[in-house]
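Just the one chain here, laid out as structure tokens, in the form predicted on its own.
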Amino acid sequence: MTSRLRFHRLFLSLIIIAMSSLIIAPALSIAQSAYRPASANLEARRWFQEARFGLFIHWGVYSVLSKGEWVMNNDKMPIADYEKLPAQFNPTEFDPVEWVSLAKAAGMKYITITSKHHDGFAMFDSKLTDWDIVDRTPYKKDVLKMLADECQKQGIKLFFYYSQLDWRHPDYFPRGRTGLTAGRGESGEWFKYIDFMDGQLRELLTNYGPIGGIWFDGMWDKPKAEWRVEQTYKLIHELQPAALVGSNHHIKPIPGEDFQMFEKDLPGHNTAGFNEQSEVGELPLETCETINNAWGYNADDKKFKSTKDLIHYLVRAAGYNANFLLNVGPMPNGKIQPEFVTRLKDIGQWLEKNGETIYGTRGGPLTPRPWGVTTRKGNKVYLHIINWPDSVLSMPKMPQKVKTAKFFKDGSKVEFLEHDKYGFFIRIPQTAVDEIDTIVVLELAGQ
């Protein structure tokens, strides 16, 4: 065989292999690569980036046991025992006006609430199952409908958290990493479960008015499963083009998603151990955190973060160009515990005075530093100095010449020096230091 003939045969073989790989490639990569967000979706992304602060709510029948949302798995409860909880769940003190008003008082622009957590229990009136709040509890009311109506009245966007993982559904099979002691049968039809999931999402997207988006969780339970996300994401975008899709799968964003989230970590960090594979992408960013250590109500968890620490997290998130989704776990009676209420209101008071430096900003132009972060809006750069013990702060040069430097608190002038070789310096007298966040506004020349 001549070398030229061998080359042609090799070339033809490579073409056949390449074409075969396209033919057998999962529908996920093909369908999702064609995703083009609608104009309404792009506008929603812009709104989301400027909102900067949201309320996360983990609430379900697990609150009856006051041990957090993972109690079914952690206490190895079989389904037969867990199914006794809804009869004890009667949140007669739930007041959607109070909840939404609290979010607004905290300076939050949106709410994300659990519509279905890993226990599979629907906190809405699902027609696809009786394992829901209307059919199984003495309360018999659709709390999500009540909350959705109130959010629309008060101008707060509502997102639905939805767990793809399900410890109870018989067709969630083969099993994943968790919920192995629930006592489910050893058989099931996986795509029948996915159809059920899509059906519930259709309910959420057609019966509750305009929805801000869907916040998915649970793919990490079976990372190699065929989740059929291309079909699910398409369903969401077709039903509500402005709805944003995000997934807490701890990997880089999948085409079809509209924002990227980081659990209990700032973007690019992995102190909590969840985000080791989470590359920071180009989508709008969000980080979520708890006020104590639990997501769902845990009566024994008294390790409450201080208001100062929570404000620092909000500020740092903005400096990383990310939203901050701060969680509360309501009690089974429908009330939000007072320790949470106090902190949310205190954060709101801080934002009333300093919100200009957070809302509508983007992170930068300096990357986050040990002393704090910068945010920017137009030709203004806000230096958030939250950890600086000295009187002179040095940093790299700004992208444009600095016209003025002032303390945000009272507009008084800040001494500064620009040096072509050594960077930019400001002097902060000890009397001007704020115990939470010393904010300096730099006005740059040009835009």
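Residues carry their position along the shown sequence, with the first being 1. Given the structure is predicted, the values throughout are model-derived calculations rather than measurements.
Beyond the structure shown, there is the form predicted in complex with a small molecule, which is absent from this document and is the topic of what follows.
J.: Does N248 make contact with the small molecule in the predicted complex, using a 4.5 Å heavy atom cut-off?
T.: Yes, N248 is a contact residue.
J.: Tell me, yes or no, whether W190 is in contact with the small molecule in the predicted complex, where a contact means a heavy atom of each within 4.5 Å.
T.: Answer no; every heavy atom of W190 is more than 4.5 Å from the small molecule in the predicted complex.
J.: Tell me, yes or no, whether F173 is in contact with the small molecule in the predicted complex, where a contact means a heavy atom of each within 4.5 Å.
T.: Result no; F173 lies far from the small molecule in the predicted complex.
J.: Would F324 show up as a contact with the small molecule in the predicted complex if we use heavy atoms at 4.5 Å?
T.: Judged by the heavy-atom cut-off of 4.5 Å, F324 is well away from the small molecule in the predicted complex.
J.: Would you confirm whether the three residues D135, E203 and Y208 all fall within 4.5 Å of the small molecule in the predicted complex, going by non-hydrogen atoms?
T.: No residue of the spot touches the small molecule in the predicted complex.
J.: State the residue from C288, I79, L102, L351 whose non-hydrogen atoms include one within 4.5 Å of the small molecule in the predicted complex.
T.: For this set of options, the contacting one is C288.
J.: Quick one: of D221, D217, D142, E150, which gets a non-hydrogen atom within 4.5 angstroms of the small molecule in the predicted complex?
T.: Contact residue from the list: D217.
J.: Considering the small molecule in the predicted complex, find the one stretch among 122-130, 194-202, 332-340, 288-296 with heavy atoms no farther than 4.5 Å from it.
T.: Answer to the contact question: 288-296.
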